[in-house]
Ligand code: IPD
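The chain that follows stands alone, in the form predicted alone, written as structure tokens.
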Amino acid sequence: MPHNDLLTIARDIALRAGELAKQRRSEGVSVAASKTSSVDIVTEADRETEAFIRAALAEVRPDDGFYGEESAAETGSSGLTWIVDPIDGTVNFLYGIPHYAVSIAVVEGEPDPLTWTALAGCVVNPALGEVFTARLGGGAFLGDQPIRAAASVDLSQALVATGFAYDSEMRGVQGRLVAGLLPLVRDIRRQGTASLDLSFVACGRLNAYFERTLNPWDHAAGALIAREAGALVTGLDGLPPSRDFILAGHPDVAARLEQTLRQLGL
């Protein structure tokens, strides 16, 4: 199937899933369970939204695999796998902060960000109605408008986003790193939704973004969108992004930021 057709599927289902999540948010949200720690939460809306996405994909792409945040991974026979975060930014969603997203990507190869090739991706912020999309080799878009990453700036003029792990010890490490970085950049943003951070790099709202401990579903769609918008999206030492590290930004900004983070003890 052409990549454009895959993107159409991702966008259609992400939009419908976003409407479901938005409706559940308006009805009131409570924590259904905790996962890796007491602050790593899941809501019934997360589970319901993922089940909706999974069923919708099975109808149109029954031979594909599925890898979602709230359910076990399943392999398919087509060589393609859908990587899904039903509600990225669950804490924002819980608190009613209008900065959460449905993220859907389709990749070729094993469902491993170190080896897969992302073919198409969509990130929807239901609260604001913004839709970010990209397909491999086809550029990146916000709605119907093409988007590009911001031009190179000195690191002192860079607006940089990051995020923090659920593990308290890792949070301490990340907090000390950010404390060292803050005097060296224009400012830091911690918005709580990785897929939107990457999409904001793609459209120039951020100069760079970095984080550790992300799961594959957190960045599968957003990384493709940022890359297709002209950003460098990388792990450490030129490796693909993974749980170890992800960095996105104009290639010059990203290179300077990685060097600075290393000097600060990354």
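All residue numbers are counted from 1 along the displayed sequence. Since the structure is predicted, the reported quantities are computational estimates derived from the model, not experimental observations.
Keep in mind that the form predicted in complex with the ligand is not shown, yet the notes after this line are about it.
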{"property": "Within 4.5 Å of the ligand in the predicted complex, all of 11, 123 and 126 (non-hydrogen atom)", "result": "no"}
{"property": "Among the candidates 232, 57, 214, 203, the residue which, in the predicted complex, approaches the ligand to within 4.5 Å (heavy atoms)", "result": "214"}
{"property": "Single option in 190, 148, 186, 176 placed near the ligand in the predicted complex, where near means a heavy atom within 4.5 Å", "result": "190"}
{"property": "Per-stretch contact check against the ligand in the predicted complex, the hit in 191-199, 114-122, 151-159, 132-140 (non-hydrogen atom, 4.5 angstroms)", "result": "191-199"}
{"property": "Distance check, residue 50 to the ligand in the predicted complex, heavy atom within 4.5 Å", "result": "no"}
{"property": "4.5 angstroms heavy atom contact with the ligand in the predicted complex for residue 218", "result": "yes"}
{"property": "The ligand contact in the predicted complex: residue 104, any heavy atom under 4.5 Å", "result": "no"}
{"property": "Contact label in the predicted complex: residue 95 to the ligand, heavy atom within 4.5 Å", "result": "no"}
{"property": "Residues within 4.5 Å of the ligand in the predicted complex, restricted to 139-172 and counted by heavy atom", "result": "163, 164, 166"}
